[in-house]
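What follows is a single chain, given as structure tokens, in the form predicted on its own.
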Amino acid sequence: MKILVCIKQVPDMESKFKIADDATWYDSKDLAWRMNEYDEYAVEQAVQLRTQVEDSDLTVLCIGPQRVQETMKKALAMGCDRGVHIDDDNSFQKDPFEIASMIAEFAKDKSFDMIFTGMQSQDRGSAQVGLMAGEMLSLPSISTVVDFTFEDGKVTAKRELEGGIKAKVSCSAPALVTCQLGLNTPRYPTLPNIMKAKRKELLTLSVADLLKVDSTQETTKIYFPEKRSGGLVLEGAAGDLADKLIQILKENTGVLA
């Protein structure tokens, strides 16, 4: 079985973020970097499947600048067999459609039986990349997976829906799933596996060889939310409160002018 897991390197969410000078993304200087939390669950599920099915082969894919290779080494230490790094210093400028297209372009002739991604990234949070990649590859896709089993070439999964409801769905492999928090317990790489990861294959590809589409959206500006003053709490009898509210609306808005 051939398995692909896609990961992203993101800043530690405890970092102090600053807006970049061009105001289209955050300033990447002085940030600590880590694997996207949702992707840790994807890697763990991919490693479990690799262990379950004999003669399986697991590739981890990551798009980004040179520094993402450090994050990829964690995935290798968790149990992935090899890494594929799509070298792109400007990956933060790519929209979800472009990112998904690069994944699909890489995977289209590799005959992967299963593809795992995180449900979304912690920095952009679009929750679009995995499902669009599945669509581009004409694969059945299951999103927001919180329970996963694989048996006799069939995927059975539980999806998290609104209000805590879960939906049980199934499909035949090849397929793609996006992984939600709580799907499993991601393992910590052991020291021997960290040392082994340093010797595993890590292939670097150029973004120019895989990006075949144009962007579909553009970020014109990002900014921190404006701080607002505190609210006004009215107390008293219902009739008095109504009079106070009407007076406030007259004085501060045009609603009752």
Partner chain sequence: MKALLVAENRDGKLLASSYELVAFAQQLGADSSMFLVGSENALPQYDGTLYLADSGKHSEYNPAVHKQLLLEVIAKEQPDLVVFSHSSYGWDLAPRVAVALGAAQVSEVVEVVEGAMVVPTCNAKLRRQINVKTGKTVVSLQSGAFCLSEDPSGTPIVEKIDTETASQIVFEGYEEAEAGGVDLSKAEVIVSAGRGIGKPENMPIIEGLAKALKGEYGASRPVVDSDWVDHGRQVGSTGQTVSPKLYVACGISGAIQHLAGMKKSEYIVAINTDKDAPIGEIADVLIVADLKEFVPLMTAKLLA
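Positions refer to the first chain, counted from 1. It should be emphasised that the depicted structure is a prediction, and the values quoted were computed from it without experimental measurement. If you superpose the two forms and keep the largest set of C-alpha atoms that fall within 1.5 Å, you have the rigid core.
Beyond what is shown, the protein has a form predicted in complex with the partner chain; the following relates to that form.
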So, D109 and the partner chain: in the model of the complex, are they within 4.5 Å at any heavy atom pair? no
Report task. With heavy atoms only and a cut-off of 4.5 Å, decide whether M119 touches the partner chain in the model of the complex. Result -> yes
Quiz prompt | Distance check, D57 to the partner chain in the model of the complex, heavy atom within 4.5 Å | solution = no
Counting only non-hydrogen atoms and a 4.5 angstroms cut-off, does E201 reach the partner chain in the model of the complex?
no
Exactly one of D30, E218, D209, E70 comes within 4.5 Å of the partner chain in the model of the complex through a heavy atom, and that residue is E218
Contacts from 1-34 to the partner chain in the model of the complex (any heavy atom within 4.5 Å), listed N to C, are M13, E14, S15, K16, F17, I19, W25, Y26
With both forms fitted on the core, check whether the Cα of A20 differs by 2 Å or more between this form and the one not shown. no
